[in-house]
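Given next, in structure tokens, is a single chain: the form predicted on its own.
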Amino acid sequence: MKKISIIIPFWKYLNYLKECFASLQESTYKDFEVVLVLDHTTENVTSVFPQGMDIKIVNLNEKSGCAAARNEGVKAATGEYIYFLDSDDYVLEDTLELLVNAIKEDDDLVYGVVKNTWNNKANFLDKQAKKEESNDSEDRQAELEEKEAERQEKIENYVSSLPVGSNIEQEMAIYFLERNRKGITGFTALGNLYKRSFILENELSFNEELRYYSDMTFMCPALEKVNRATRCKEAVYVKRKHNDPINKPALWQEDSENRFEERCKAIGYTRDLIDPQGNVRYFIDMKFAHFATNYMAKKVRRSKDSKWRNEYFDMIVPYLMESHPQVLDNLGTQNQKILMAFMSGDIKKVQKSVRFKLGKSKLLKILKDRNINTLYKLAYYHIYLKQPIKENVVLFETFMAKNYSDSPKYIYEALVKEYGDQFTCVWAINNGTQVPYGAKTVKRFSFQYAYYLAVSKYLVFNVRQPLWYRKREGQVFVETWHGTPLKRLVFDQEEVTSAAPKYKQQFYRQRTDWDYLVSANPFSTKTFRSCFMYDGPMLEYGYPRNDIMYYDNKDEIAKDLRAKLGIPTDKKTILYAPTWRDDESYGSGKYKFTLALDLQMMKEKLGDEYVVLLRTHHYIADNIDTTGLEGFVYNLSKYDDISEIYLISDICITDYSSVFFDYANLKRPILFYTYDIEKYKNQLRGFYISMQDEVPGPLLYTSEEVVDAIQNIDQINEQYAQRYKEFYNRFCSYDDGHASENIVKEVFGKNK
């Protein structure tokens, strides 16, 4: 057996360290010691130690930082091999065993692959399994084979370009560990198994003066010293990105003014350690040049921060001037011009060159894809934002313009009632709905939509605004949100599985645009402040969409809607309104849904007395097949306003949707079909309240239990009467039928 010393630096975020240890505990290779190097941590690390694992603790006393921790870890290591593992990352079960089996006696190192993820191990493996499943089709297999052939061709071309007599194993290590790793931050010491004697004999170390870019100071000299190395592409190291860079940033996500200067210093320091004419130097200089031409040049062109055009520009020029001579020759034409402008210190020429490059790129994208998105955004940024704000124009949007509904609908109607035609109202609507009272409609993500985003004085949305929206001084943004939260949201989520990886980072910026946030109850006020990190004004009047449940004529509205939908007058109604599952999707905002409730059984058992009103969440992309259930199931998933459906529902069945908070205003029975509660609660989201102890109805796990509860609904009502009363007082306390009116007076009445 070959003993491995696994060196783990640790500073903070104990939850990540716990998962890191768990992955090692599940490893099929057991002959290892963990050298845990503590960098002035205040957390109780021993609380997450797996039982029986060989863990050696080393404390950094006078030093600090990942580089120092790794260096001290090497000194304390006793294993024949060294493996660097960051405390927020993890390995797969067979990673270490694959590396050990692959390494040859005379190898200096064996290198695996590094895969990046935003997920914990369970979700990562789940996504990998789904990816492999999707690769089974013949078309996909052919596509993968074609890509693999292209990769092999690139490798062969690289090898054929090498001078005669080159050390091919060394050059392959340079190719895969340096050239093929994205950028400078992707050039890492992680994922490789090093012979400890190779590190010690060559005096390899990480520069302890560097916080962010010390990996290159170890890896560049290491690659130049490597004599024999083996690739093991099956050995996976999982680099975990933090999806909460605001509260728990990874090292590379830290917001630091020193990062730019350190990048330059790291390049300069590393160059002094390696052959100025060698491939290692060429590739590190090429990465630095790409940073300048692809990233920094854009900052020089359009950043509001003048540092990019002053001290940063002056700082980088001498480092770029010392680039490997082949770098300039091997850049594309446009990047050559940009780099030459940098080297000459001509900032205006840099700006001109990057302007041409970006303009050409946009033009080609428009011509190639006929990309309307690029055009209306250009109009938004360069034309519409320069036009004056229209003081009495209001833009409304619900659920990404899918319908005319929810709280913005009721605010709009109250606004028209209160102020008549004093305001010009515009609705973003994609489904062709004719909005009453003369509102103008525009399609989301169109030129008109971009125009009204730019010039409207008021914006009333129930979801987040587009990422490309830039709030102007003088605009008033009213965020109604779309439900009292049961499932943990944004910054209260440990793991984000249902949104873009940068969800929290994006949300943090977007919520700063909100001037008002609507709250339905004291619980929501407290929760929204936490999960959105929002400290602005709250409109604590209840949800405008719930006003309809307090209308004097709500029974008449219900009667008319029943007639409109063709629902028999002699049948009672069961609303089934399930939410989506975060881990089952076709893509962003398009979720799969498999109907777990046995509607055929319900028809057989309950069809004489009831009908079912099926209402899936607007995120669900699947059309539920109700063939054979005609006359019993009425699919109202595309009906705009669920608040109206509440009025015609005698019983509500839901799961983890927020509908039950709203439906409780009617004080009618609620059943919870929670067949997958353990997965949902523990793996996907987590809840703010205890479903077992606080929701106003029973948790049911099978279709048979659902049918039985409906057949005995009177006993259910009696059993949950006290809990329902407590729930109503807690979550419906603001709702009184006047939320819309009160919000209109507070927001729009100030200037009237």
Ligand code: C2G
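In this text, residue numbers run from 1 along the sequence as written. None of the values given here were measured: they were computed from a predicted structure.
The same protein also has a form predicted together with this ligand, omitted here; what follows describes it.
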(request) Name the stretch: of 306 to 314, 167 to 175, 228 to 236, 651 to 659, exactly one has residues whose heavy atoms fall within 4.5 Å of this ligand in the predicted bound form. (result) 651 to 659
(message) Between G191, P485, P669, G73, only one gets a heavy atom within 4.5 angstroms of this ligand in the predicted bound form; which residue is that?
(response) P485
(request) Heavy atom within 4.5 Å of this ligand in the predicted bound form: which of Y213, W481, F206, Y412 fits that? Just give me the one. (result) W481
(request) Answer yes if any heavy atom of T579 is within 4.5 Å of a heavy atom of this ligand in the predicted bound form; otherwise answer no. (result) yes
(request) Would you please decide whether T616 lies within 4.5 angstroms of this ligand in the predicted bound form, comparing each non-hydrogen atom pair? (result) yes
(message) Is it the case that V611, even though its partner is missing from this view, gets within 4.5 Å of this ligand in the predicted bound form, heavy atoms only?
(response) no
(message) Whether L489 contacts this ligand in the predicted bound form should be assessed with a 4.5 Å heavy atom distance threshold; does it?
(response) yes
(message) Let me test this: is every residue among F84, D89 and R240 within 4.5 Å of this ligand in the predicted bound form, going by heavy atom positions?
(response) no
